[in-house]
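Here you get one chain, nothing else, as structure tokens; it is the form predicted on its own.
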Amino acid sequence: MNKIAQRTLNIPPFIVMDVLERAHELERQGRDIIHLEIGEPDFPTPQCVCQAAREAISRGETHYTHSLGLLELREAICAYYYEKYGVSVDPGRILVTSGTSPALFMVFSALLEAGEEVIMTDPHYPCYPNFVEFLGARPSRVKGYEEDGFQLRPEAVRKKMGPKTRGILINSPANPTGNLLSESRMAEIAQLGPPIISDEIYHGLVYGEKEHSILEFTDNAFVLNGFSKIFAMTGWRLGYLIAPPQFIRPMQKVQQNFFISAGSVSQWAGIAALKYAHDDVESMRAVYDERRKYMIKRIRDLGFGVAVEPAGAFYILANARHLCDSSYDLAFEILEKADVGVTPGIDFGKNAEGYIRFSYANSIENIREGLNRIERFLKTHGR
């Protein structure tokens, strides 16, 4: 019998995908499922972006690009970061990727030796520790607290630091909480010493507050960002990373060997997104905000706990400990009995057990119907 590599046997599932795939099975059986589990914009990609892609195809821009990415796109990213955050970035510090997942892989590949550590909050995006462990390193988790929106506390990060610490991972606005790391905490964490790995993929989807890039506080940082969320371009698979200059060539070699380059047509589309899609983004953001306000009030009325109102992304992590010991069981029970997909908190770390993540990346009509179904489910739950 052929032996399967242990690292692939050990990697845990991405539970939200298990929920989604079971939901699709039920839909094939004729069930009407409301999707509040998946973090994917329900809006179409802006027309200016699609038009740029069509024009790129017409011009024959369908070949490999430079492994770092099109210079025109990297220059547009520099202009975007200067306009939005007031920071100057050289195009030579940018590597364009096929989404932020390859960017994570490249950063951790260049930063970590086996046995070394990355500090991250618990709860966290499920794939963070999986990338780290896949490369033989170790995630060092810092417990977040519901009463302050599960933000990283600088003093707790400092206590976790040791001789094997090679980076501190932050995500603001955060998945799964939708909360932002405050400017003061971000500034303090930036001065702790290790490089900061800042996942900024939800920047631009912020309501009533202001998000900050880690580059406002330090250049000793790796920024991960992309086009999937803010521009509704998940299927285009386009992201980028900004890194200290000495790391670019090592990560470029990883790109060349594992990914070659990001897709050429998507890169031309990305230039148009940064230059011309501002009004589309503002329109989407206003709709998300309307949904956010409705969902917060409604799930509180249903008895779920939301201690800090999320001000970013399109998620709410709600306390459901009065309903269950196992968020996994509760999520699948809601799916099977109420025909609504939600994500169990355990997907985001042990500290999120007993919570449920709701996504408002769906129409207000579907959100209303989904929560109506959950309300009916709760009336009979436990009987």
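Start at 1 and count along the sequence shown; that's the residue number. What you see is a predicted model, and the numbers here were worked out from it, not measured in a lab.
Omitted from view is the form predicted in complex with a small molecule, to which the following refers.
S228 is the sole member of S228, S140, S213, S264 with a non-hydrogen atom within 4.5 Å of the small molecule in the predicted bound form.
Note on the partner interface in the predicted bound form: the residue among S198, N175, T121, Q255 having a heavy atom within 4.5 angstroms of the small molecule is N175. Contact annotation: Y128 falls within 4.5 Å of the small molecule in the predicted bound form, judged by heavy atom distances.
For the chain shown alone, N171 is a contact residue for the small molecule in the predicted bound form, at least one non-hydrogen atom being within 4.5 angstroms. Taking the partner from the other structure, the small molecule in the predicted bound form has a heavy atom within 4.5 Å of a heavy atom of S101. Heavy atoms of R237 reach within 4.5 Å of the small molecule in the predicted bound form, making it an interface residue.
Of the candidate stretches 92-100, 112-120, 72-80, 299-307, only 92-100 has residues with heavy atoms within 4.5 Å of the small molecule in the predicted bound form.
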